[in-house]
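Take a look at this one chain, the form predicted alone, written out in structure tokens.
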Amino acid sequence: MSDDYEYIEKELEISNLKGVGDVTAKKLKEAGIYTIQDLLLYSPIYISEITGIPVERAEKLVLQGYEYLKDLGLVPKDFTSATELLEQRRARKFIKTGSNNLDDMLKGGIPTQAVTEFYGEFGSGKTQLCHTLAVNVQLPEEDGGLNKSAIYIDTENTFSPDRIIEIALNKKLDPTEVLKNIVVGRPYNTVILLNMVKKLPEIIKKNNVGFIAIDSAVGPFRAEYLGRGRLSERQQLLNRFMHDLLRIAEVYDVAIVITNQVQARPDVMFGDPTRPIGGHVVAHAVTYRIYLKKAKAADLRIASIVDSPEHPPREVLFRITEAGISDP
């Protein structure tokens, strides 16, 4: 990798930490930790494993980095009043989905500093929503975007440049510019996927990213770690993966959307027998969990809030059109 990272703010460079000399800085950068913000994404044990720095030293670096970022106002204080927390939450930004119904249900759209999960069966609108948001994030803030670019991690070969062009044209945007502002990753297995997540901070800073889609997030883990004998290993990797995403969303103020598949529960006799894959690991890690399903009309979909710390249970209709997501 090149040592030229001009997009990193000088005051956030890892070498600004007291006691971090050239040798330590080199080890951290070789492991993908270029800034003090990057340092907060990982546990001291993991930092020690990937750099060779003793765990005790890694712990001190993480605490130093935390204090440094607190002084800059980039992370919350150890303890703060609920009033201050309210102000911080109000500072979050939202990406409009294109559907007023869906935006109202989410109290403004897809929020930054959070991981939002959309799960449902094939054809329920998960990928359509990701494509729409990858375009909408590029809109000016007054039009429901963030005036930023997007990252689209495509684990199942579902990303369609042609669909992006169609949505962009319907929004009267230059499709060439819109495509330039979407960085696409195609991981072929979980090892590559986990490595891509480690590189997200670098790409976020370099490309002014405001939205990340992972479509689908849990599928590769389920496909590769088969059987009960490997369930524990799968869940451990999945847990690390999900918490890395949550920390990235919070530290870099980006909106992250993951999609997830469903599986049937044969023990359920009444009601909907489907449930999202990934178990409690994913359920506890995501900030918001939304269930998508088909309605009777071919172009209509139903979105239901299943889990949220701030939204009441609610169900709304939205529509899939040439312009992306809209209202019925």
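All values reported here derive from a predicted model rather than from experimental measurement. Numbers for residues come from their place in the sequence shown, where the first is 1.
We do not show the form predicted together with guanosine-5'-triphosphate, though everything after this point is about it.
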Going by heavy atom distances of 4.5 angstroms or less, which of 104, 156, 143, 233 would be at the interface with guanosine-5'-triphosphate in the predicted bound form? 156
Would you mind picking the one in 244, 202, 166, 250 that has a heavy atom within 4.5 Å of guanosine-5'-triphosphate in the predicted bound form? 166
Interface membership of residue 239, guanosine-5'-triphosphate in the predicted bound form, 4.5 Å heavy atom rule: no
Is residue 321 close to guanosine-5'-triphosphate in the predicted bound form, meaning a heavy atom pair under 4.5 Å apart or at it? yes
May I ask you to check whether residue 109 falls inside a 4.5 Å heavy atom distance of guanosine-5'-triphosphate in the predicted bound form? no
Does any heavy atom of residue 123 come within 4.5 Å of a heavy atom of guanosine-5'-triphosphate in the predicted bound form? yes
Please state whether all three residues 100, 132 and 295 have a non-hydrogen atom within 4.5 angstroms of guanosine-5'-triphosphate in the predicted bound form. no
Choose from 156 to 164, 182 to 190, 84 to 92, 143 to 151 the stretch whose residues reach within 4.5 Å of guanosine-5'-triphosphate in the predicted bound form, heavy atoms counted. 156 to 164
Scan 128 to 146 and note down the residues that get a heavy atom within 4.5 Å of guanosine-5'-triphosphate in the predicted bound form; none is a fine answer too. 128
